[in-house]
Each structure stands twice: as C-alpha cells, then as structure tokens.
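Next up is one chain by itself, shown in structure tokens, the form predicted alone.
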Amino acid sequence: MKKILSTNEFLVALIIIVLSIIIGSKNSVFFTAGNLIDLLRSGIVMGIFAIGVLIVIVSGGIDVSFTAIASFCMYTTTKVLNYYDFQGSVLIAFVLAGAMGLILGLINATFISFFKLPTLIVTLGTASMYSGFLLAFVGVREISNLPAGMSKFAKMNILKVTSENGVVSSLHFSILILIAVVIITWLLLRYTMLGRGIYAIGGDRVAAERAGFNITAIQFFIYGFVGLLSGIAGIVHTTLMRNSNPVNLLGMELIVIAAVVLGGARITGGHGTVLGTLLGLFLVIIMNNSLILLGVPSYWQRLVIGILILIGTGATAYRTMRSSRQLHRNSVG
C-alpha cells in the first residue's frame, strides 16, 4: 500500500482530484456531462501524440518533430484527395497519412541511428525541414472543403449530450482510435521483448547492447511508430476541426511533452507508463481547458504548466536520488 501511495501515478491522480474539486466548487459547470465530454474530445489528438512521445522518452530520446509530421501528412493527404476528387472511405486518408508519417519518422531514425546524432537536434532539424517544405511547396492556405470520406467521418459521434442551455457536446468516434493506440502500446511495453528493449535502451544503452538487443532496429521502430501515430493524429485533427490548416498543430510540442513528463516518464529514459501518461495528459487538459472556469487568464495557464513541469521533473529526480542513496546504504550495510 505504501508503495502505491508513493508512485507518481497516484500523486498525479490526487492532484487531478483536488484540482477538480476546487474548480467544481467554484463553477458547477465543470462536473457536467457536457464539460467532461469536451475534455475527452480535446484530449484525443494530444493523447495519440503523447503515447508516441512516451515511447521516445522511455528510450532516452526527445522528439519535437511529431507536430510537423502530423501537419505535413494531414495537409498533403487532404490536398491530394481533393485534387483527385476522391469520394471513397476515410480509411484511405488514414493509410496515406500513416504511410507518409512512417516514412518521415524513419528519416528521423536514419539520422539518429546511423549517424549517432542527438535526438533533440535531429528532430528540431527535421521539424523545421518538414514544415518548411510543406509551406514552400505544398501549400499555406487552409482547406475547408474536405474530401467526402473525411467529411462523413467528421460527423461520426458515439455520444451526444445537450445541456440545459441547449449546447450540444459530442464525443467523436475517433476516441476509439485513441483507446486502440493506448491498448496496443500498453501491451507492447508490458509484454513484449521489443518493449523491454525500449526500456533497456533508455536505462543503459551499452548494457542493452550487451544483453543482445538490436539498438538500430528498435530505434527504427520507435521513430517509425511515432511517425505513423503522427500521421493518424493529423487526420483525426483535421476531421475534428473540419478543416486542414498547415500550421494549426505547430507549437503543441511543449504541452504534449509536459503531459508525458508529469505522468512520470523520466527525461533521462528507462521509466514511464501508459497510465501515468494518460493521467498527466488529463491534468494538462484540465489546466488548459478548465482554469478559465476559475477566471484565470489563458496566459497564466502556460506559467502554471511550466511550473508543473519543473515540479514533476524535480519530484521524479528526487525519488530517483533517494532510491540510489538507499541502495548504496543497503549495499554498504
């Protein structure tokens, strides 16, 4: 029991509960079904991004190119399908965007694995390259006329709630995509040798290599997987917004990384859970979407998120240091 109470997941869950009680006591709208649905809806795209970022951070890397990849994939896919007047299923859009995202992610992996370049430097460079190519050669104008399949998918809701004021809140079908991504990633990290390899690389790359893990293959999987998820998230974002804007997602990197770090993933790698990431994501969503109910200006929210990142990172580092000291004392004793 004591071990559970000291976990990062429990602490984040406790913060969420306390914050929710505070916001709900000041504004009862927070606890309405419509507001809960709106919170879930706003977390779909960020959630898909966060799962990809979790895997990268667990492996000891940092990826800041995922929003640029998503923007490139969603805008290019939309433009191509419109050009050919495609009237088919939205699945084709997901396949095209996912394939493009996979290729762009593998480009990241090539520089990181073969040339041994720092992950942050590589993804900063490729993010600028992808977004620059998109704006220079593909287009800069917002596309509001989506292909038929994407427009149809945009209207697919699994739940609708109407408030007393007549405001309709709807939970989009794409929440099931997020759930599928979460389950697959959880199974991958918990029960597969590939998942153990991802943790091993983040914990100690040299030791992982000596243990027989193929570092190159695992890194190609990690960044290819992140690219694939980014492409999928881009199409989800386009359908939720019902338009395709090439710059709409850029700048979301910090918030997503903050959610993963707050969920207990260590920047140094080797530690992080899907549950913790989801809790961290929900905390950030509450901070972004619900502090306005307390009358807190939007520019203060970024300050609070920054402070939470420092607290979350510091708390994780402190617990790691305490564990190291305890192990040292036990070994000496």
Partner chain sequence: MSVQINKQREIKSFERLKDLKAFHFIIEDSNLTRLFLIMIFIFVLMTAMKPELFPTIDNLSSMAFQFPEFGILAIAMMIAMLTGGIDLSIIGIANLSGILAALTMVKLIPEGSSFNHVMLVILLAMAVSALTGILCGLFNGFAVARIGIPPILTTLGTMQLFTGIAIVITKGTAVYGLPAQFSYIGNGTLWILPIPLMIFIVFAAIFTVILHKTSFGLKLYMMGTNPTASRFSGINNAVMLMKTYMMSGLLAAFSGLIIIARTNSAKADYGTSYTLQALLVAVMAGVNPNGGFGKVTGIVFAVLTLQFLSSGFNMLHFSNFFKDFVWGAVLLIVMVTNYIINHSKKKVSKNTNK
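Residue numbers count along the first chain shown, from 1. Everything numeric here is computed off the predicted structure, so don't read it as measured data.
Below: the form predicted together with the partner chain, not depicted.
Peer 1: Since the chain is shown here on its own, which stretch among 86-94, 150-158, 128-136, 176-184 would lie within 4.5 Å of the partner chain in the model of the complex, judged by heavy atoms?
Peer 2: Looking at the partner contacts, the answer comes out as 128-136.
Peer 1: Does any part of A258 reach within 4.5 Å of the partner chain in the model of the complex? Heavy atoms only, please.
Peer 2: Result yes; A258 sits at the interface with the partner chain in the model of the complex.
Peer 1: Evaluate A217 for contact with the partner chain in the model of the complex, applying a 4.5 angstroms cut-off between non-hydrogen atoms, and reply yes or no.
Peer 2: Flag for A217 set to no.
Peer 1: Indicate whether the partner chain has at least one heavy atom within 4.5 Å of a heavy atom of V140 in the model of the complex.
Peer 2: V140 belongs to the contact set for the partner chain.
Peer 1: At 4.5 Å between heavy atoms, is I44 in contact with the partner chain in the model of the complex?
Peer 2: No, I44 sits far enough from the partner chain in the model of the complex that none of its heavy atoms falls within 4.5 Å.
Peer 1: Y75, A109 and R242: each with a heavy atom within 4.5 Å of the partner chain in the model of the complex?
Peer 2: Contact check failed for every one of Y75, A109 and R242.
Peer 1: Between I232, V226, L249, V122, only one gets a heavy atom within 4.5 angstroms of the partner chain in the model of the complex; which residue is that?
Peer 2: Of the candidates I232, V226, L249, V122, V122 is the one lying within 4.5 Å of the partner chain in the model of the complex.
Peer 1: Tell me, which of I62, V274, L40, M287 has a heavy atom within 4.5 angstroms of the partner chain in the model of the complex?
Peer 2: When the partner chain is considered in the model of the complex, the option within 4.5 Å is I62.
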